[in-house]
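Only one chain is included here, represented as structure tokens and corresponding to the form predicted alone.
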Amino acid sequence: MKSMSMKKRLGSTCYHTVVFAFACVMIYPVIWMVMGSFKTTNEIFQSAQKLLPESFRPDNYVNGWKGFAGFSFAIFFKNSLFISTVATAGAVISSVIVAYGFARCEFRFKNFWFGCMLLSMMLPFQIIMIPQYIMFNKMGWVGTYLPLIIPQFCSQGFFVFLNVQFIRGIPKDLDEAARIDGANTYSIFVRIILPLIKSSLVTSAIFSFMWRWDDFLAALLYLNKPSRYPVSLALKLFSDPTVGSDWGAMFAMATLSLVPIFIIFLTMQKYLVEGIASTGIKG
């Protein structure tokens, strides 16, 4: 028994040591960026191997927050928050409705349409980028937030699949009992299904918000006015090869851009882990 206990402890120690080493490797670039936000541009490149700055320069945050051409970074943060919040609400609501249809309703070619939904998850954005741009341009949406928000209201394949797995794990006996009590399909969805898949909904919201907050390519394609730029696109304005790039201010604003994601992950971590872990065992 002692030998088995020692082996268990040794295995656990090795496992946690390896995981900790990988965690350090993964988090080091973030720490380097945070430390770089207190350095001058010359110090960033001349002493790239040094993690700590020679002298902390908080004025990088002041200069970065001023923004460009009269637009402070408060405007860019507000734009990102608006896009991410509205798009996330649309993605979560539309996806759970579609998922309920696949999981509980019967209709013709159900498996076929479910397969098409799964195929949509495998299409990279670069494939539909050009035809989508042409379509939105003809609709007069280029230069507005509509191309960034409206498609999210048409459901997202990953979130549909995630919610389907959760709904299928809920016994249908609950639906039948509710129908006996006089509930219709919509009442069952709102009063029974939604409260029981809270972890799935929160997981979908977290992923959607993170993806929309970090989205650079779509904003680059459809937005052409600096006053409408989100943070992801505004950060690029610090880089100007013709005049000079303020890397310290860029790192400072990039560090601030991580704060909302960090807060969401920190406060919702329980639901995120529960949502991902439970997906594979339900259905």
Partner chain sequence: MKKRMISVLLAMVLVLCTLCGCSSNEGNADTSADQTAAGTTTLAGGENRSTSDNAGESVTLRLCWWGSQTRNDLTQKAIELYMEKNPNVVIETEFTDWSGYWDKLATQAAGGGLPDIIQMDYSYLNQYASSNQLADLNGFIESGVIDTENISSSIIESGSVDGKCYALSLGSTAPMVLYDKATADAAGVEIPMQPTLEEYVDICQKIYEKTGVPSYFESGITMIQYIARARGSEIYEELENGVLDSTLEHFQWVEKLAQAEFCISPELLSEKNPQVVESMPIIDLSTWNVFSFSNAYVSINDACGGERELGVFMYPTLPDEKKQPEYLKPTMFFSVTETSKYKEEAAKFIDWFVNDKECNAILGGERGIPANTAVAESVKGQVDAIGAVAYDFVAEVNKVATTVDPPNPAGYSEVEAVLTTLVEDIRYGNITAQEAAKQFVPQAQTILKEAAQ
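Only the largest set of C-alpha atoms that superpose within 1.5 Å between the two forms is called the rigid core. Keep in mind it's a predicted model, so treat the numbers as computed, not measured. Numbering follows the first chain given and starts at 1.
There is also a form predicted in complex with its partner chain; it is not shown, and the following applies to it.
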Handout entry: Contact label in the predicted complex: residue 55 to its partner chain, heavy atom within 4.5 Å
Key = no
Practice task
State yes or no: in the predicted complex, is some non-hydrogen atom of residue 130 no more than 4.5 angstroms from a non-hydrogen atom of its partner chain?
Solution key: yes
Practice task
Verify the contact flag for residue 256: yes if a non-hydrogen atom of it lies within 4.5 Å of a non-hydrogen atom of its partner chain in the predicted complex, no if not.
Solution key: no
Exercise for the section: Would you check, heavy atoms only and a 4.5 Å threshold, whether residue 220 touches its partner chain in the predicted complex? Expected result: yes
Exercise for the section: Taking its partner chain as it sits in the predicted complex, which residues of 175-208 have a non-hydrogen atom within 4.5 Å of it? Please list them. Expected result: 190, 194
Handout entry: Flag for residue 257, CA shift 2 Å or larger between the shown form and the other one after aligning core
Key = no
